[in-house]
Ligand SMILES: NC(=O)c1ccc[n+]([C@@H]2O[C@H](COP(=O)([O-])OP(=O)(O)OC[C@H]3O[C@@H](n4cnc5c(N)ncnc54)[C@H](OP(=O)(O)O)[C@@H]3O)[C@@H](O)[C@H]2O)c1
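Coming up is one lone chain in structure tokens, specifically the form predicted alone.
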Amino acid sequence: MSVRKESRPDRRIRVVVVGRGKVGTALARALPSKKYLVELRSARTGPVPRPNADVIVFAVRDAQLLSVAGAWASCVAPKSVCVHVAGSMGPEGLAPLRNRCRGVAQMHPLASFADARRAPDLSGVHVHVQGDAKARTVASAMARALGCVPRSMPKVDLVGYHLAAALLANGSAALSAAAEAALVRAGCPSQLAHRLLGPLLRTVAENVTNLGSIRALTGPVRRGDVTTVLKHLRWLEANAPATQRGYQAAVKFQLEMARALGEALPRDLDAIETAVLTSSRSRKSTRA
């Protein structure tokens, strides 16, 4: 006579991700299914009671966070932990839920999410975690399950933190677009340009990670190569004047880095600075 074994309940952590945008979709897909049972919901359809949810992740825009959290206040189970992935707001972004669940926290991944259909590789990505103790523990465990590194910086100024992230992630994309346009203008096939630049950008990221931003600087400014910088400025004047101002600003930042490195002769760096200033004045006079 065979004895029927009693089936074990599903021991996976039940997660509801609110927000079908780029970040929410990526996180829902990336959480390992052996450990997490994930339900992805649109924030637009309104809240639905989730008594069995262990974690509710709010992946909505920063400006919408408080209103969405308020809408969910009556639907969150007392046993749930609530976290959000916004960068510019701490756990106070979930204030309407704080007394209705086990705890709230911020869980912001320092990664670039550009397409809901193609999530970034999150391995090694740092995730800023702060909030109530229980929620921090749960958020840190989720970050590690995603292959990320949880970090807690409770005294960090979140506006400055978010600005730094936006400056790099968004600024590098803008610089890449300018570089892509210059490549095409120089004769590179348009369908190939971004494929050339992506791996280059990856090596820059590797250098920043391994060496730090200042030591990751390469190129003519670091070397004090006045001749090459002048060639660049003349080419921009003739072929891509709209990009000239961005190039000048980038060179000014690089000059500070190059001076800190101390490898180039000070007179060569001074000559580069003069060339950029002269080019800037020339552009202004032309526009006038």
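Don't overthink the numbering: it's just position in the shown sequence, from 1. Predicted model only: the values in this text are computed from it and were never measured.
What comes next is about the form predicted in complex with the ligand, which is not displayed.
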TODO: Indicate whether Ala86 is a 4.5 Å heavy atom neighbour of the ligand in the predicted complex.
DONE: yes
Open item on the list: Can you tell me whether Arg12 touches the ligand? I mean in the predicted complex, with a 4.5 angstroms heavy atom cut-off.
Closed with: no
Open item on the list: Taking any heavy atom pair closer than or equal to 4.5 Å as contact, tell me whether Ser42 reaches the ligand in the predicted complex.
Closed with: yes
Open item on the list: Please determine whether Ser112 contacts the ligand in the predicted complex, using a 4.5 Å cut-off between heavy atoms.
Closed with: yes
Task: Candidate stretches 254-262, 224-232, 30-38, 54-62, one within 4.5 Å of the ligand in the predicted complex by heavy atom - done: 54-62
